[in-house]
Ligand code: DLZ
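Coming up is one lone chain in structure tokens, specifically the form predicted alone.
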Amino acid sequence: MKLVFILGDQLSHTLSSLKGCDAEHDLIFMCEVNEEATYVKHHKKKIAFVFSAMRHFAEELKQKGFQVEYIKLDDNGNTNSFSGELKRALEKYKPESVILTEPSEYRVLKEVEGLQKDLDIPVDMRPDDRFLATKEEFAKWAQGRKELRMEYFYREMRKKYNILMDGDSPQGGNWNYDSENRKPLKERLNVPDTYKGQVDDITREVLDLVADKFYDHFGDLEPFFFAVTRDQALYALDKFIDERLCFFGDYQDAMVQGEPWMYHSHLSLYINIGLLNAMECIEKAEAAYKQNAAPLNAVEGFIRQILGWREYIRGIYWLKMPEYETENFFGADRELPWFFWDAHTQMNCLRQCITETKENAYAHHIQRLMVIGNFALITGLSPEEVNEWYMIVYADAYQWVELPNVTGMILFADGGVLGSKPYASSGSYINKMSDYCKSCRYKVSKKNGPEACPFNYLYWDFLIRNHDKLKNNHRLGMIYSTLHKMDKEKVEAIKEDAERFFRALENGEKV
């Protein structure tokens, strides 16, 4: 008998470790462990989502005729660690070998590699072929390049898989249509609702468990509405393609108060856990374009997020770990403000985005990058604390995707490995792309003083503080030229406003 060990983010029936599995003789082993739910205190909704999806997946395997040993979190004797539960299973069943798919996170991989040395039986760790580029393929692409820009990697992936291609050229003549995908939502549209599933008996049991065991974790547990089976996730994919993809491109950067879902797909959590296959999402979007059901700018933008950004981020992660985990280019060390947990801030943009994160374990990429992330960058928050927060609060967060996005894209803490410039901005960008500023106590039109939008002066203060590290960045030349032309009184006013704001933060005042 062979024991197939399946991790919680590997819920795919085509998983490499399941290939060749003998339903009659082999055993599939899965376990819920406290260690994984608490190494950071994950959002309640994320824990419920993962445990419910795992339990549903185990039931599907049983219905297919497989023998499954499933350990629940509150089962008697649960050691609450992967290593402890695997050792218990080996003692109980005495298999001839262990088969598993390579973990997606460096931390778990190292734990598994340690187990390989400790166990007396062979361990067959297979590549995770759910990704579209292997680690080796990305490393080969990166070798010798001065800049590892996603755009060029994305083009290679388009060619490799013949996605949105017209022979050797991109469909429509351009590789990306990002310039067409930055429209603010000027008038209130009737945004179709995202997929919202029903709570069945399995999920109800999990929700009760999470409410009992993880009551002190961040976030709202209910209402719970995520898909927890492959069939539900496929329905969610079809619902997005049919109802929201057509406007996804135009409004993918737009933010509207009271509209947390907008035209985004909300599929990343299903892809990252294995309920959806990345390529099937890409192919359905491409088919919508070919059938004239969605415009090219929307389809290309959606595909770029999966075929380009997702694969690129994973490649950067494995190329740069473990050193990437401690990168801090700016030497930022400010503590995370408490309003990141309770949303008690007078800055309406942050209040909206953090509140929606608390409610849904979700915020779309511009909310994460240009509101929450922008604030973290320009105020010099500790990369370690910011990374932990992003890992805690989002249902689609695993370190392989979270760390490069936060350290590289949001905080520029890697010094430009991932991004060509820091994604810092004043309040004008947020005002352009959202309706948040209309309901804010601060005035986005004011640049200085107690009534001014803090993003306005904090943006310039960030550039002043980090002048020596950023002055030679070719994408910031015009910005620094503007800064150098400012009179001394203006610069001093910026510094004084920033100091006043930081004092208020440190004193625990509501900013």
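Not measured: the values here are computed from a predicted model. All residue numbers refer to positions in the sequence shown, first residue = 1.
The following text describes the form predicted together with this ligand, which does not appear among the structures shown.
K.L.:
Of these, 58-66, 479-487, 27-35, 466-474, which stretch puts a heavy atom within 4.5 angstroms of this ligand in the predicted bound form?
P.N.:
Correct option: 27-35.
K.L.:
Which of 145, 107, 196, 159 has a heavy atom within 4.5 Å of this ligand in the predicted bound form?
P.N.:
The residue in contact is 107.
K.L.:
Is residue 9 near this ligand? Define near as a heavy atom within 4.5 Å, in the predicted bound form.
P.N.:
Yes.
K.L.:
Report yes if any heavy atom of residue 138 sits within 4.5 Å of a heavy atom of this ligand in the predicted bound form; otherwise report no.
P.N.:
Looking in the predicted bound form, residue contacts with this ligand do not include residue 138, since no heavy atom lies within 4.5 Å.
K.L.:
Since only the chain is shown here, I'm wondering whether residue 315 would be in contact with this ligand in the predicted bound form (any heavy atom pair within 4.5 Å).
P.N.:
It does not: once this ligand is placed as it appears in the predicted bound form, residue 315 has no heavy atom within 4.5 Å of it.
K.L.:
With heavy atoms only and a cut-off of 4.5 Å, decide whether residue 103 touches this ligand in the predicted bound form.
P.N.:
Residue 103 belongs to the contact set for this ligand.
K.L.:
Would you give me the residues of 48-72 that have any heavy atom within 4.5 Å of this ligand in the predicted bound form, in order from first to last?
P.N.:
Going through 48-72 in order - heavy atoms within 4.5 Å of this ligand in the predicted bound form - the hits are 50, 51, 54.
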